[in-house]
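Here's a solo chain for you in structure tokens, the form predicted alone.
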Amino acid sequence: MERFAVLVPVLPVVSAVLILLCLRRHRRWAARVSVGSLMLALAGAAALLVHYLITGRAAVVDAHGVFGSLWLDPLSLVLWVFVSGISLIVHIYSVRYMIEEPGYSRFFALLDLMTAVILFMVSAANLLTLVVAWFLVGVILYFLLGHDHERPAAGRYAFWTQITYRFGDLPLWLAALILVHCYHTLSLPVIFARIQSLPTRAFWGMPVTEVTGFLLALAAFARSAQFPLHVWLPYTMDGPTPVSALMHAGIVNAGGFLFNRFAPVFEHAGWSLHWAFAVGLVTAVTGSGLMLMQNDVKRSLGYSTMGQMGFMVMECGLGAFPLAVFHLIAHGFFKASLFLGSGDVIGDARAHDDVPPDPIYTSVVERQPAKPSRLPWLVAASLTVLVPVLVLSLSHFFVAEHLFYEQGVVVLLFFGWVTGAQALFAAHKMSKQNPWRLMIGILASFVVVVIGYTLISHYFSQFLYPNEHESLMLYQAASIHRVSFDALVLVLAAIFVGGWTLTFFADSLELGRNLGGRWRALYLGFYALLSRELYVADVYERVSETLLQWSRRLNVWLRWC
């Protein structure tokens, strides 16, 4: 069975070559061949996954150190099914969506090549295959984003993406060179086995795992749009919508894959995981805040992806590597459907603004609304704060009691508590005739979702990492001093509870109207900062203009010589 595995990534390559050589003028047949090759690739990937579930045996298809060696382990097989499935959906959507665009056949050939390169990347068994595929993803993405040559903005932002990706390639290349220099092989399974046997090996007086972990994390940050390397992502919306769907579903997620592929390295790179957690947290908060400030649907989705990638990297920083893969897959399907449906949303909004020009309706809307029927604030506060933490804690405790005491799991429970409490608080603010029925329905849905999510994540973790010791090593590497950890949790809990309390009383105290001049100026300044997207793009533009100015001066000076 493993001998035929190479057909899964090779089929899209054959389709692309066939389209470029024979079907460039036959648009309909080019689309059919492209979609058909992806169907076969998805069927092959699913068959290999089922074969692994039956046998439980991973395999390596060796190309003797050259490009194309494949590692058929749980991570690569799951991502093969995910990537080929997402790509098939994008291919089918593009058949009609791109029909009036020039370069129709070329677009499908590029989609096939992108799919093939991603399949090679996630299943690479040696560093050469991984590095080359990682590089080619950025190159093909540049041509896909700039597919419409008549849109200058698309070409400009595709170039931004290319520059950011090349910057992120450098740390990966350095990490690969260090690993080859220290362990004298290109094979990833062999490198990981030697790291386990000798984790304290040094490179220039520093631990190899810490150095390579730092470089790999930096490469993941650039590819997954972590702050401040995120500017390219929201500005790629001028490319075709199918490209945006594929990029946000299967390309930006590459940072989570890189962390999981090099999990044996990060087991001994605690400082790199702490750094990943901090960067992911800042990115998640920044991306979520900027998402709420956008008035463009696709750019809002772009910042939403940035925030979700921040959560994914933060999960890796906590040692929850399988959870990051689960997040990667769930977000991929969800965001692909949102992008592919964004055109309908924009069209409906233009056709129906839901504001009928009726003077009677306007007078009714402008009247002071009646006082909504809500739960008593003490009951609502108790449900909001206590129910999420009880449900989350008990579900994790009964499913995996030994993991309940790991710091990474506690932090994830804490953020789940915050998210659940926010959802319940939003439900409390809704005006309904029967608030008790609404709250009970929300609580029942929350319990079902949490229990299902806990069970799925637990068994998914056992599938990706059958060796439970490896998962525990990742959690231990992500841990910090117990006193510092307890103090951090208490401070964050006090901040969130205080914020909820302030929000509960905001309406009655009319805090928004009673802001003083200084606080109002601070609020407006913060609003302006977010509306300008933290001025990060402006800083990059100023730096690029300065570099161009000095390059012109240097050019003039060299000509004088």
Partner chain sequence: MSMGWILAAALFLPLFPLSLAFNRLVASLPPGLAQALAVLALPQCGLGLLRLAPPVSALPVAVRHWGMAWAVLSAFLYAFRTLSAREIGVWTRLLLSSGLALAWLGWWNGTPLPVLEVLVFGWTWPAAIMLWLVGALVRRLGGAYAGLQGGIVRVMPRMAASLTLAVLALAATPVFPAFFATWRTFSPLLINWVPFLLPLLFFWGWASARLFQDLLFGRYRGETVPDLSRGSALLMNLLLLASLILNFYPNGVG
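Everything numeric in this text was worked out from a predicted model, so none of it was measured. Residue numbers count along the first chain shown, from 1. What we label the rigid core is the largest C-alpha set whose atoms superpose within 1.5 Å from one form to the other.
Here the subject shifts to the form predicted together with its partner chain, a form of this protein not shown in this document.
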Contact label in the predicted bound form: residue 539 to its partner chain, heavy atom within 4.5 Å: no
Its partner chain contact at residue 128 in the predicted bound form, heavy atom, 4.5 Å: yes
Partner contact for residue 184 in the predicted bound form: its partner chain, 4.5 angstroms, heavy atom: no
Residue 459 within 4.5 Å of its partner chain in the predicted bound form, heavy atoms: no
Sole residue of 214, 334, 142, 97 within 4.5 Å of its partner chain in the predicted bound form, by heavy atom: 142
Its partner chain: the contacting residue among 163, 193, 489, 88 in the predicted bound form [heavy atom, 4.5 Å]: 163
Contact stretch among 174-182, 285-293, 475-483, 245-253 - heavy atom within 4.5 Å of its partner chain in the predicted bound form: 174-182
Any residue of 536-554 that, in the predicted bound form, places a heavy atom within 4.5 Å of its partner chain: 544, 547, 548, 550, 551, 552, 554
Flag for residue 548, CA shift 2 Å or larger between the shown form and the other one after aligning core: yes
